[in-house]
Structures are given as structure tokens and as C-alpha cells.
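Coming up is one lone chain in C-alpha cells, specifically the form predicted on its own.
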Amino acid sequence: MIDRENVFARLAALIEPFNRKSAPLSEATTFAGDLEWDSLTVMDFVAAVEDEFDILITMNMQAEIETVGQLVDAVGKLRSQA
């Protein structure tokens, strides 16, 4: 069982340098719509998340993750498999 609040807080800290519009963060925040990230920003962010949590996020998973909450779930799932 993951600590959603802890994972969210760690992700929020990773998002901060990429959050150029200072969009408010919640589990419903979308990467493309709310944060207006392009593919290069997404790739940089994914690399940071993988390093922070010692996980590997596949391209297929990336395509399915649209919100911060979905990323929290994905991190929890990947960490439980490790």
C-alpha cells in the first residue's frame, strides 16, 4: 500500500521546476492541459520521476497517464512490483 500523500508531495516537488505557469497542483491536474507541457518537458520530467522513485515508466504507461493522480497510482503500482 502506497502513501498517496507522500508520493504526491514528492511528485509536486519534481513538478515545480517544470511548472512555468504556476498552475495549482491537485490529483486532477493534467500535464498537457493544465501544465501545458510539450513532449520534451514530459521526457525530462519522466526521467526525474524514474530517478526519484527508482522505477521505469514505459512509453505505453506514459501514453495512458494524463493527470497527477494517475501518476501517483502508476508510481505506487511500479514500486509495489519492485
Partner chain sequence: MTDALATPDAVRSDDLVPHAPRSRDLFAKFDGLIAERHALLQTNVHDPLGVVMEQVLSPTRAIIKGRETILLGTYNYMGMTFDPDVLAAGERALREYGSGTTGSRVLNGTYQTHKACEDALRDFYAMDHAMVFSTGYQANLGMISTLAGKGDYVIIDGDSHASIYDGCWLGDAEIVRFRHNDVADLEKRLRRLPPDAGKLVVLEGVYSMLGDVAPLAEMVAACKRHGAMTLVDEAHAMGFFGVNGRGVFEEAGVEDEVDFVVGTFSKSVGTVGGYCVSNHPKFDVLRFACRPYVFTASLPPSVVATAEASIRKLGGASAKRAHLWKNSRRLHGGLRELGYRLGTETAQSAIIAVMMPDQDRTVATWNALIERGLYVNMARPPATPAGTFLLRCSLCAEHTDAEVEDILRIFGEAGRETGVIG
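Numbering follows the first chain given and starts at 1. These figures come from a predicted structure and were not determined experimentally.
Omitted here: the form predicted together with its partner chain. The next part is about that form.
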Its partner chain isn't shown here, but in the predicted bound form, which of 69-77, 56-64, 21-29, 8-16 has heavy atoms within 4.5 Å of it? 56-64
Touches its partner chain in the predicted bound form: residue 36 (any heavy atom, 4.5 Å): no
Its partner chain in the predicted bound form - contacting residues of 4-26, heavy atom within 4.5 Å: none
